[in-house]
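Below sits a lone chain in structure tokens, taken as the form predicted alone.
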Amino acid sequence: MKKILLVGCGAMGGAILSGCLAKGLWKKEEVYLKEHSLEASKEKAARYGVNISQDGSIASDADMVIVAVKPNIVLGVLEEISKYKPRRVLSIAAAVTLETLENNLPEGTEVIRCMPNTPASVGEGMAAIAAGKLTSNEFLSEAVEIFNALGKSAVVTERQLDELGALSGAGPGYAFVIIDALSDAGVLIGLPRKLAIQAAAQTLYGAAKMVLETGKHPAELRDQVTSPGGTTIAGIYAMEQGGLRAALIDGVKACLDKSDAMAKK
């Protein structure tokens, strides 16, 4: 029977776990969960119906150990599981490099870095995957299978992974702010809050789906709905006057700069 050890089950770890269980990639009896305390482990394990690993010793014969904790405690987790000589470790911690992972795990450990995002929990995630020096094609294929089942994935260089982390990894946060702002606009012009949120969210979802399914450049699709002298171009012009495009670009760049700064510590 396959064994998966999940260390950390916060928003992203939980999204991966719930998504893999829902898609049938993992069976509940195959998953062992370890949180920062026994109480937290019991609570999360009960929530998902999986097993508990009190000390991480299951890492010794696990097919994969997924490290889904905050970057500042990754080294402590690696030290804890290293004594059990894990074969394969997949980390989703931002700004923790492949070199850091490899240097703090037993020699020969296969390592993968992944930057997923929370829509994985509803099967619409986007994940960047970067392989370590010793990573087998089998392990890489397994990681791709997991994250393709939870949405889409791309195997990239480690630098591209950090760049995608700033764009798609943090992207749901940006999208939620945009949806909230659009719903505020709806309320301002007279719509009920619930309807405004539904309309904003569905509109962004539909627009994103058009980009993905048609393969057309977003600007081409935008031009299809902006009639000369019309209402849509008037709205876009007002948003551009407010710096919408520049604010989004600056936000992604600031996120990457922060990631780079964290990696240097």
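Computed from a predicted model, the values in this text were never measured in an experiment. The first residue of the shown sequence is 1; numbering continues from there.
One more form of this protein should be noted, the form predicted in complex with a small molecule, which is absent from this view; the next part is about it.
S.K.: Would you kindly say which of Val122, Ile178, Ile73, Leu134 lies with a heavy atom within 4.5 Å of the small molecule in the predicted bound form?
M.R.: Selected residue: Ile73.
S.K.: Exactly one residue in Thr109, Thr100, Thr118, Ser183 has a non-hydrogen atom within 4.5 Å of the small molecule in the predicted bound form; which is it?
M.R.: Contact check passes for Thr118.
S.K.: Where, among 232-240, 199-207, 32-40, 219-227, do residues come within 4.5 Å of the small molecule in the predicted bound form by heavy atom distance?
M.R.: Among the listed stretches, the partner-contacting one is 32-40.
S.K.: I'd like to know if Cys9 sits close to the small molecule in the predicted bound form, meaning any non-hydrogen atom pair within 4.5 angstroms.
M.R.: Yes, Cys9 lies within 4.5 Å of the small molecule in the predicted bound form.
S.K.: Does Pro86 reach the small molecule in the predicted bound form, with heavy atoms at most 4.5 Å apart?
M.R.: Answer no; every heavy atom of Pro86 is more than 4.5 Å from the small molecule in the predicted bound form.
S.K.: At the 4.5 Å heavy atom threshold, is Ala62 in contact with the small molecule in the predicted bound form?
M.R.: No - in the predicted bound form, heavy atoms of Ala62 and the small molecule never come within 4.5 Å of each other.
S.K.: Closest heavy atom of Gly251 to the small molecule in the predicted bound form, within 4.5 Å or not?
M.R.: No.
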